[in-house]
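Structure 1 and structure 2, given next as structure tokens, are two forms of the same protein chain, each shown alone.
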Structure 1
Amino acid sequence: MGDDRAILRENWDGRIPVCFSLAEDEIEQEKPENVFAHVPRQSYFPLVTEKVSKYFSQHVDKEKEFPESELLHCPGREAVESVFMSTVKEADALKHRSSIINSMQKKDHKNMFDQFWPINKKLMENTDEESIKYIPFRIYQSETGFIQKLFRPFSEEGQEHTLDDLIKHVLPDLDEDGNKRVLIQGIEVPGETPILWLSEHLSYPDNFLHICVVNQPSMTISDHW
């Protein structure tokens, strides 16, 4: 159990080095220097880029319209919180039929951004009284939108379902020749890992497992040496 907590903490406390640069066609005069940041991996860009946006705003063409057809425009923190809470509620509907989220006070909903751990602990409960009914997950592939289906953590016989079971349930025609990789939190997870364990330890802040199915990198000559 101690090792499990260490894995959970390492995942949540991790940071990702990010380089922000202004697109060439956005520059009005002199090109500004790139901005480097060590961003918490369990966060959202609109929450960490306020200073970056202010810095770049001094160098962009103010007349140019936002590319609405290419990007979703985020007006600010309130929009992020709204989408976040909507997804958390959906996750609890799947796990506990909304019993946890409905028992919480409105202030708890508001405090999830600032006091995340104590509140999220309730949402991740898996006890006899509040057992997890379905695993909140979304699977992403480059050629399609995300896929989301109902999937229980245990079979009717009481056997733990694994990541492989989930993938076969959702993507029965997926290549079995080793050309695909399954990533969660950027990690290639062994297929025999119990899906309930993954939900408890590698879910994102919105309580969903976001699973990416990607192509294996092409083999090059240098890979043989």
Structure 2
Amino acid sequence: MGDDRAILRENWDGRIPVCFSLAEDEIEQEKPENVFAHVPRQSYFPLVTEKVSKYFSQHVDKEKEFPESELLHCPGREAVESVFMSTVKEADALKHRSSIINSMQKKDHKNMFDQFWPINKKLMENTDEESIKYIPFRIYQSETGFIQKLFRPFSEEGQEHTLDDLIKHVLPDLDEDGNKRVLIQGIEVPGETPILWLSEHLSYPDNFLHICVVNQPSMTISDHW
């Protein structure tokens, strides 16, 4: 487990500024004011947007035409917990062939959602006997679903794989002349960072590295700034 506890702490407390605005075609009368919130990075929208939903729902008739071909239904907290646990299990399947999650008691599974750290410590373990098999990660680019592939933390020769290695493996055609930025937890991580370290320190609570590949803002915009 990483000794870089400061980094874990920073992540855990990480937040993203978000602006919520009502879609044009939902507006009945006046357009309501936008809502700004500092949302915890390590959480899920349905858990933190209750007040936002309540506020906007005053301005629409009812929730019509939920875009169910695009969004997962969220009937309640349990749905979020379900997605979370499902992802945690998948991460353990990738890392340890599910050996750790299966050896945990059911109550640990249930408590993980609330008392995260003590239980997560087990999942983050990288013991000498059973090193991590595959790194759990998902890569998000706009307009497509996420990409998830099998990727080992070490090469056949025993060399540590880096973030650059992972990106090259998954997105071999990525624009090489620097038009794309690779972001994890909101940070542009140096490409030579070992992927195993990233998995131990910058994973989200569901034990996955969620990596965003976004377009570099164009030079003209930054000129204006």
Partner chain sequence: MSQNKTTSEKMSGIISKEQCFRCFKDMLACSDVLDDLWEIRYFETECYLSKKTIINVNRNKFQSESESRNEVLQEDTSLSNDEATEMYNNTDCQILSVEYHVLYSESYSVPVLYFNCHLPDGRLLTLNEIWSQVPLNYQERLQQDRWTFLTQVEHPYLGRPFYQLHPCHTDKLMAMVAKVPGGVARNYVISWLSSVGPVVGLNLRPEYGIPEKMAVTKEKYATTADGKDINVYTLRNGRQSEVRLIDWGAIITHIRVPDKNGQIDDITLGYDTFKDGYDTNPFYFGGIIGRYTNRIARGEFRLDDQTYNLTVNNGGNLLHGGNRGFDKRLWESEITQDGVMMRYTSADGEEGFPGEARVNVHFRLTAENELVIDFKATCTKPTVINLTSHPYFNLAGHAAGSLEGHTIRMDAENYTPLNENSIPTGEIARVKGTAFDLTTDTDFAQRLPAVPGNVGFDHNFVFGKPGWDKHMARVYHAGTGRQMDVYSTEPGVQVYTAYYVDAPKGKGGAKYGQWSGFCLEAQHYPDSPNNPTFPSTTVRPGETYKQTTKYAFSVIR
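For residue numbers, the reference is structure 1: its sequence is counted from 1. Just so it is clear, the model here is predicted, and its values are computed rather than measured. Rigid core here is just the name for the largest C-alpha set that superposes within 1.5 Å across the two forms.
Compare the two displayed forms of this chain and pick out the form predicted in complex with the partner chain. Answer 2, the form predicted in complex with the partner chain.
Seen as two rigid parts moving between structure 1 and structure 2, does the chain keep L22 and E78 in one part? L22 belongs to a rigid part other than that of E78.
Turn of the lesser rigid segment against the greater one between structure 1 and structure 2, rounded to whole degrees: Rotation of the smaller rigid body relative to the larger: 16 degrees.
Looking at E26, what is the CA displacement between structure 1 and structure 2 after core superposition, in angstrom? Displacement of the C-alpha, rigid core superposed: 5.4 Å.
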